[in-house]
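In the block that follows, a single chain appears as structure tokens, in the form predicted on its own.
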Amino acid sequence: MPTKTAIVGVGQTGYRFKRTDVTIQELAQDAAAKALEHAHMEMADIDAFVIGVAPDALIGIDNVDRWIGQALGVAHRPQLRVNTGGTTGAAAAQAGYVHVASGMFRTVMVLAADKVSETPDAQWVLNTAMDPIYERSLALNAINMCSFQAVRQMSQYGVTERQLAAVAVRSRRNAAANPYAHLRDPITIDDVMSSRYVCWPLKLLDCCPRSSGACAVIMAAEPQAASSPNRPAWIQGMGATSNTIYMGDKMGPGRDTDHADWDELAIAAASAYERAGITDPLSQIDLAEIYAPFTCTEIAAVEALGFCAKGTGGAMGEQGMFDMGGPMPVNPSGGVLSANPISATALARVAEAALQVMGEAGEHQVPGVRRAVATGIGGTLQFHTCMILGDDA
């Protein structure tokens, strides 16, 4: 049987476009120090480290994990680097969980950091993820591959641009109560609708920002977690899956999945739900922190997580189902549309879900949370993760 494992400490820096005042090592130190303080622990109490960082080209430092590890003082202790694109933080969290659940370590710090602003144009780096023969010459990138999803949702299910805009409005409204969020100014439907098109039908305010920042969580085995002065956020279940890297294989007739949907996330969620004993997600989960860098991706995610039927996510969101105070609050933190430090983004979803279970999410706390779900996506939408956090082991 796996060792019962919980998150007992969380640390985040503020997420901003540029952090010229600190190095990435100092960003990591800041998040680590905050997580240790929250957990009432010292660095000497940590048995192993999992560090999630982006490709070196985005940061401008070769083997940046070695420099971060040195800054944290991890000499003579195990250290593992993880990188799966946008899913990096969530994949690091899952690796951290396995470190503890396997019984190898009592405590593990999972840390992710990013300074996307270090490269003059991150999109040039991200574009190289696409196949150089079949896809890169078409200028396929992270933005238009998601715009294709929005187009498919419109065609398949009747999703409207105003329904997409409603996702952005809710995210910003929630972010206004989160001091760590990058974009905190409230916006209206008209603001979104009048913002310029980036790639139709996605407009500027349908898209996530480029952010810099760091996030850390401390995981502990049951004996240590049970003695924590904080209310532990127990990891009750997790799941992950992957799909083809080729975008062309995800679109068109005769495919196993439709690009409008996230059946891959549904597979990951089903695995996490089974481990956590969840049979009715809408009644057994209190909130969701979803990795949704574009408004259309959140619509696909709420359907894949079983909160509503396929094709209804846009309408349900427009009607307030996923608002604070609604049946299923989504991204109380403001989500990825309000802060996107790429390597740390998915770990921030885990951290925010943990804080909600701990009852320590501050002004954006959802009352009475007993169980939360956190998701991640990465690669060319090919990696999907799902983690369930709850107030009991």
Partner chain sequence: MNIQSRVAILGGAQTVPAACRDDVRLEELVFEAAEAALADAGMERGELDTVVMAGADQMDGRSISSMMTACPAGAYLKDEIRTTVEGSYAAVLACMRIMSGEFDTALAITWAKTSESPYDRVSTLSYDPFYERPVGLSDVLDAAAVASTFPGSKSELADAARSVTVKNRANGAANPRAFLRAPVSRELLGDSPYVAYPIRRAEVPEACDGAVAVVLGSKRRAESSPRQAVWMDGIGWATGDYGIEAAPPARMDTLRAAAERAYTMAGVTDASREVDFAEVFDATPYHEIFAYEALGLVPDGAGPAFAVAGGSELHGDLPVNPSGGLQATNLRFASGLGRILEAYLQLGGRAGPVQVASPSQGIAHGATTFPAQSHAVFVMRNY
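These numbers were taken from a predicted model, which means no experiment stands behind them. Numbering follows the first chain given and starts at 1.
If you look for the form predicted in complex with its partner chain, you will not find it shown, but the lines that follow are about it.
Answer with one of 224, 230, 163, 84: the residue that has a non-hydrogen atom within 4.5 Å of its partner chain in the predicted bound form. Residue within 4.5 Å of the partner: 84.
May I ask you to choose, among 319, 312, 194, 79, the residue with a heavy atom within 4.5 Å of its partner chain in the predicted bound form? Selected residue: 79.
Close approach of residue 293 to its partner chain in the predicted bound form, 4.5 Å, heavy atom: It does not: once its partner chain is placed as it appears in the predicted bound form, residue 293 has no heavy atom within 4.5 Å of it.
Contact between residue 360 and its partner chain in the predicted bound form at 4.5 Å, heavy atoms? So residue 360 does not count as contacting its partner chain.
How about residue 325: is it within 4.5 Å of its partner chain in the predicted bound form, going by heavy atoms? Although its partner chain is absent here, residue 325 would stay clear of it in the predicted bound form, with no heavy atoms inside 4.5 Å.
I'd like to know if residue 180 sits close to its partner chain in the predicted bound form, meaning any non-hydrogen atom pair within 4.5 angstroms. Residue-level check for residue 180: no, no contact with its partner chain.
Tell me, please, which stretch of 279 to 287, 68 to 76, 212 to 220, 171 to 179 lies within 4.5 angstroms of its partner chain in the predicted bound form when heavy atoms are compared? Selected range: 68 to 76.
For the stretch 81 to 99, return the residues whose heavy atoms include at least one within 4.5 Å of its partner chain in the predicted bound form, in the order they occur. If the 4.5 Å heavy-atom criterion is applied to its partner chain in the predicted bound form, 81 to 99 yields 81, 82, 83, 84, 85, 91, 94, 95, 97, 98, 99.
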